[in-house]
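Take a look at this single chain, the form predicted alone, given in structure tokens.
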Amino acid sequence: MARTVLTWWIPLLILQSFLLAIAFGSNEVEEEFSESLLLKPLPDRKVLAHFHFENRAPPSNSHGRHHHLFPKAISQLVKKFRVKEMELSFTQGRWNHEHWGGYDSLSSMNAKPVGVELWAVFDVPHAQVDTSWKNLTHALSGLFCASINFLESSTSYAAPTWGFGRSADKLRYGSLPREAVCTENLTPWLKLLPCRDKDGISALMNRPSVYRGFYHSQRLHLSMVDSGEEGLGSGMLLEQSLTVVLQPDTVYDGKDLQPSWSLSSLFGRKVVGKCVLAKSSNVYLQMEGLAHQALWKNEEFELSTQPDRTLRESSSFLYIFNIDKSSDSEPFDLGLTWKLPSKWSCKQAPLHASRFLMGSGNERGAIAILLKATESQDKLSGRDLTNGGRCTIRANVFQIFPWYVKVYYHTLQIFVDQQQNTSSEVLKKINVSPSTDKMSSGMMEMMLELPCEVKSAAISIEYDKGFLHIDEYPPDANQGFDIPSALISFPDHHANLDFKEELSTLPLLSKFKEKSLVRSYTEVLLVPLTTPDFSMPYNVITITCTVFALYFGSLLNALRRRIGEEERFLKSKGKKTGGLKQLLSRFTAKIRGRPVESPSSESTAAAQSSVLSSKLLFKIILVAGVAAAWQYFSTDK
């Protein structure tokens, strides 16, 4: 009877639990994934391609949640190291702010320094921030096949307060300017996508096409989204973007026409369909410098495909293409053909920044940052007019100095329009963290307040070059040592695309509609340090071993030799060869007509042994003298 009851109750319990799971699961928001591609012709006859992928994981109160679209590896990093916000970028090439823009959302968020840049904000106590940072660098190093673990050293990262643009007391920042970027970093980055590079817009990422460009930067930004409800955890937002600047394969015909291009000519592939797991999949074409040409076919240019939607921005037009209907039989291959010459310029930041070294020699030098006014400076808005009605431009400067570059902060000099100014006039705020030899790097944060009519401003600071131990030099030490890029940000200026329409269903345009801080990175500096001759240790070891081998070899030979045995050996040898010698001596005596002499073998052996002993003694004295002289001259006095 009991077995019969159990047989009926077990299926009912399973069915009840299944129905409850469906009921509660229907209330939860599902994970979302979207993909998009932005194409933009540039004034210098190049084309910008910006891939953007967004993956959202909604808040959940479960501890062991199963992710359908969100990458599990990233979710484990967030939970294990309690990461609140993080950004990782791999960049090759330098962003050209003069021709590609510096006052737009795309350049402010995706123009990154050369090499690897990593910053993270942790939700842990202050005493555990450095430990979490080191563990995070090791995990990311294995995940992306890179040398990010080199950032675990306290000499490779810093803790900015306000100069980086984010006010967080648990922020850590580090960069590796010399890190090479290759397909080994792109492949694990693509594996985080639900469709990888097999389907959808990501299928356009042909490796040769991506890495032949003038600039490419793959970026990963992770942030936590608060649910606002009690007892419900935070959601996660993962943004992956790849920015590439390509040169179309066209032959210059001598005219001023911009080069025509298509997706197949840029990437060697076409879009044959969207990722089946993507909620939205769109391609955007942004055209700048157009007056009233909103049509996709006009007297200035012509598109190969009719757009599904056209948006007007203050200084550009945006054509939207939906690739849901593309397939193998009808692939999507957007093309742009120019008919008339067209010239335009991209918006630039209020000041163009460049950095360089001054001085010569291997002892000391100076670092200088030059800020030049741009052509669009007078048209920019958002200037600070609260300072007694005076128009000013605020600029924050953030720099990291390796410990072997010993900066003297008291030598800071500021020049405005080639006139030296006192620090109190221009420098409104400064935060300095001196470096410690082989322990921590130096950091400097400055806030400058310059007049709007400024033409140029320069900052210089002197430094001494330190000495490294021979074990601290990299394999290519003669190439020089890198100083990471400096960050110049303008807190009063924010860039965004001003669209009047509702764009909540288009993640990329919603991101560009938000205000982003205008900032730019300077060049990476290459500092030559005093480098030892790495071949000298080999030479010293070789000659020392040779001298010691000769000395001890001769000494052991002298100590182990027995003279009595040598004399008996020579006598026995003389007996064996005595007949032949006597025969030869008699023969020569008869020829010369002289009497035959028979020398005693004992005297001959004694003479030979004496000669050998004198030669041996001379060798021992010679080797001992050479060894003593070497020891005397090689010892430091």
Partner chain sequence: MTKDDGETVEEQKKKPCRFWIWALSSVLFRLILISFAGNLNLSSRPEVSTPLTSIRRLAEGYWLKQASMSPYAGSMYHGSPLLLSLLGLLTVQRIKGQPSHLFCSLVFVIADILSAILLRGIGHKLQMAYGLNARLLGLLKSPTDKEGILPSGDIAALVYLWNPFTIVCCVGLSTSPIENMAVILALNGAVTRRVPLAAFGLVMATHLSLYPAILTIPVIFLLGYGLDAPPLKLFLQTRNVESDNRSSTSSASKQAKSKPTAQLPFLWRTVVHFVFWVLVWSLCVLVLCGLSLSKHGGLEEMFKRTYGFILSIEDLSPNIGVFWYFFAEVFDFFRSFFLIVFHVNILFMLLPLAIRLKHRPCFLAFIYLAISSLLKSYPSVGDSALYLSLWALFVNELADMKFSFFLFCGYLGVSLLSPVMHNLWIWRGTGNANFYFGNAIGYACFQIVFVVESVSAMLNHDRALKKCNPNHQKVKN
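In this text, rigid core is short for the largest set of C-alphas that superpose within 1.5 Å between two forms. Please read all numbers here as calculations on a predicted model, not as lab measurements. Numbering follows the first chain given and starts at 1.
Omitted from view is the form predicted together with its partner chain, to which the following refers.
> So, residue 555 and its partner chain: in the predicted complex, are they within 4.5 Å at any heavy atom pair?
Taking the distances in the predicted complex, the answer for residue 555 is yes, it comes within 4.5 Å of its partner chain.
> Taking any heavy atom pair closer than or equal to 4.5 Å as contact, tell me whether residue 356 reaches its partner chain in the predicted complex.
So residue 356 does not count as contacting its partner chain.
> My question is simply whether residue 276 lines the interface with its partner chain in the predicted complex - judged by any non-hydrogen atom within 4.5 Å.
No - in the predicted complex, heavy atoms of residue 276 and its partner chain never come within 4.5 Å of each other.
> Is there any non-hydrogen atom of residue 510 lying within 4.5 Å of its partner chain in the predicted complex?
Answer no; every heavy atom of residue 510 is more than 4.5 Å from its partner chain in the predicted complex.
> Which one, 426 to 434, 340 to 348, 300 to 308, 144 to 152, holds residues whose non-hydrogen atoms are within 4.5 Å of its partner chain in the predicted complex?
Among the candidates, contact is made by 426 to 434.
> Name the residue from 479, 422, 419, 360 that puts a heavy atom within 4.5 Å of its partner chain in the predicted complex.
Looking at the other structure, the residue within range turns out to be 360.
> Only one of 561, 390, 126, 80 comes within 4.5 Å of its partner chain in the predicted complex by heavy atoms, so just point that one out.
Contact with its partner chain in the predicted complex is made by 561 alone.
> Which residues within 518 to 538 place at least one heavy atom within 4.5 Å of its partner chain in the predicted complex?
530, 531, 532, 533, 536, 537, 538, in sequence order.
> Superposing on the rigid core, do we see a C-alpha displacement of 2 Å or more at residue 534 between this form and the one not shown?
Result for residue 534: yes, a 2 Å-plus shift.
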